[in-house]
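What follows are structure tokens for two forms of the same protein chain, given separately as structure 1 and structure 2.
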Structure 1
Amino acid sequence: MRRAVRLLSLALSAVFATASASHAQAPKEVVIGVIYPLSGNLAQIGIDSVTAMKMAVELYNTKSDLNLPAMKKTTEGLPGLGGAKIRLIVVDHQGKPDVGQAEAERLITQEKVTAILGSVFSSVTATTSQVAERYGVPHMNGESSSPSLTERGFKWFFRTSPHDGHFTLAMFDFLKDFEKKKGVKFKTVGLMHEDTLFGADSGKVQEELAKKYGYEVVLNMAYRAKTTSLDAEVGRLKAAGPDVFFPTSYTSDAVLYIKTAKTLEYIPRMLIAQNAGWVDPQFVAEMNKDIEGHITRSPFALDLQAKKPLIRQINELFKKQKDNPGGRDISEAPTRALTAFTVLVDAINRAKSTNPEEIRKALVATNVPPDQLLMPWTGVRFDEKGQNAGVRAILQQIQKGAYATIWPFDLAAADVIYPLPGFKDKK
């Protein structure tokens, strides 16, 4: 009997010793490096995205009952790491790949971050992820849509959002559905894109799918990003007269296109943008009625909140953030950043460690259900390339200064404005 008691005592001592050691090894904080554009022509997108992530950090570091990944909990901090708090280190890449590369290097080697998240621009994400891959640090991405980013065979790169292949497929599926529903027929398309990785990949996949769906590509033009003139390009568009025009432009170029098209009085029957400038709240506010009827692809829609009450909850919190003094609604860019960030934190929490390999294994095993997402996706599950296999793209149209979901038709909140009204007819 005495021997049994002694063995039990030794066993309990070992358990308590292990628990104590584990608790002692748990980090007090998890440091995540965030690389976003905080200056330049996409600064507002970067600022809003960082605001959304800071909001999420406050929720993770306190008790929360929100149904986001790893956020519904009765304790402060991350329960998987003994209550460790999250701290962000936010840096500005200025829209420049070389700056992003240098900042990624600094975050990993000097700041010792657990993971990196960013970077909106596909060209910048390409360089920051190369650095993360070299050092074996998890790199999460929520916005960059160049398909090639997940075709490089990288081990440490993960993307939650659709890429331009998914989005462009949705655009052409929409055209076919629209033709069938409205009894119209489109024959020709025109493509114009900026010349960085984002634009080049977009133009390539759009031309491939246009031909596959039976449309004649009458023009496929690349222009220099951040150009000061699009007179020649818009002139060629007007001369070619495609039924549907597909622009791929960041904000400053998108503004220039609208002003040039207005001057030259170029109006296609339908315009479908590859996101970017067309989802920048600053662009929508500045262009106002001149972009009435323009369509853009998106992974998120605020008007889906009737079907997803979680959107309303997050939007109310976002409007109260101190870095959102105007109380603007949450838009596509911050929701994409928030989604990527919560998926990353969920993996770190499940890994119960800040060890890079343990976090990578947890990311590979990710299975976030649709009720924990703001997006209309079937969930988040990464394929062997690090691409989320649960994505679903939607199309929105700018109607009376706001985005209205128009496709898939089963999710539509408004009918499609067609054809595009002339600039003088827009109200």
Structure 2
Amino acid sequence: MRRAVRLLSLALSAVFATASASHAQAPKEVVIGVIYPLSGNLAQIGIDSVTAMKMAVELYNTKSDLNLPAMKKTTEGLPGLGGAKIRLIVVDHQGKPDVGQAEAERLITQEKVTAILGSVFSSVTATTSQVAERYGVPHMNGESSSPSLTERGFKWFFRTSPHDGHFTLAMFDFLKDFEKKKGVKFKTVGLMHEDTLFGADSGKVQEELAKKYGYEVVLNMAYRAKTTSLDAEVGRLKAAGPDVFFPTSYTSDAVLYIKTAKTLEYIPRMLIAQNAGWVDPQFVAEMNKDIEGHITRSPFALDLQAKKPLIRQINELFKKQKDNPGGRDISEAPTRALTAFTVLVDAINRAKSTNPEEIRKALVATNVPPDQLLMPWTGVRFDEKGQNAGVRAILQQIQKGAYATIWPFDLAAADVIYPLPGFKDKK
């Protein structure tokens, strides 16, 4: 009985909605499902990303003239869909692939979302994209870095960001460029990585590329992600003495490494980190002078705002968001999410429809120019596997407590500090 009443009221409200729509030409709505980690140890990344996307939704739903994809317009909403407004449905996947799968399914079948965006963890993106593929719904991804995601050749899966292969390639390209420029020669490299998906992938790709580029891997160590001691590892590093050291660590283990290295007085000539711990703002604040001269790869650089006014504009807006207490600067995670989101909205706008197949065609035809991107990429164009072909990884060095872009040399905002100063010299 109650079910019947609910059905009836639903039908009635639908009738009224369409009736009033035809009167006032009220725009339709585009509903996008956003699946992010909002609890657990990477929750902050999810929360910041959602903040950035909500900011973008506000911009799309009002008149805005920012030079982001499909955002320069004189009307409210999306011009391609007669001024349709965007609505986000945000859900938490808790870092669990099965939760991600269930949520993707619920968003598609019950909430009738037009597209899915998510979800940081490569393992969760693996299952949410399976669901999207099965139902034929566009799935955009802005940050999962496992190369295997786009290797599956899915029809409905698109990734704007570089994967671990691109990032690691950049590190070795940098080494070669640097050798040429400074007339130095590196012979040996040492690798150390935490043992979850992220670290294992990174260590594997680094070992392969090091060999390919003609460096001798003198050490390749994995350690437990939740370890409380790295004494043995750093001791072995010191004994092996590689020219260049590549750590892949999350924040707490990165802190542990620095403290141990300081105690054991281990200083490699050059240190290139695989992002993660090294791009955590808290890490930089806490470690301060002890990480002066450390290099990390990154898909985003705040110091490019001198060359890219768009970054400054967005950063000012981001700092004012209410879910951003303390007015922190925009960082890597929210810019990645924002980029993926705007590329998706751009495709929906060009498709002039919420029909999935039309949106997919628009996504395939995507061609976002570099001046509409916060990222230092050459644009967004998807290859046949759905991977953005315009990606470019950059390297940043911590100089005087801030990130300075040092490579590619044509984007560089500062010179490379080399070799790494000792802990005593940094005081």
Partner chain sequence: MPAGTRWTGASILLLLLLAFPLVFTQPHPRHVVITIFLFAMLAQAWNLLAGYCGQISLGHAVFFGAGAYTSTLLVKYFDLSPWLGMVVGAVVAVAVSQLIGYPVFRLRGHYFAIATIAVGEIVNTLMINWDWAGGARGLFVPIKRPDSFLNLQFHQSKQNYYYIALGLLLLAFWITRKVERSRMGYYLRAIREDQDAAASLGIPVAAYKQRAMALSAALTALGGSFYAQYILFIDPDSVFPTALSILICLVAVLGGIGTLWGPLIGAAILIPLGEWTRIYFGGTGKAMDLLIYGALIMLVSIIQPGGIMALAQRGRRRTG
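Numbering runs along the sequence of structure 1, starting at 1. Basically, rigid core = biggest C-alpha set you can superpose within 1.5 Å across the two forms. Since we're looking at a predicted model, the values are computed, not measured.
Here the chain taken from the form predicted alone appears as structure 1, while structure 2 comes from elsewhere. Each C-alpha goes to whichever rigid part superposes it better, and by this rule residue 108 and residue 184 end up in different parts for the motion between structure 1 and structure 2. Rigid-body analysis on C-alpha atoms gives a rotation of 14° for the smaller part relative to the larger between structure 1 and structure 2. Superposing the rigid core and comparing between structure 1 and structure 2 gives a CA shift of 3.3 Å at residue 278. After superposition on the rigid core, the Cα atom of residue 269 is displaced by 4.9 Å between structure 1 and structure 2.
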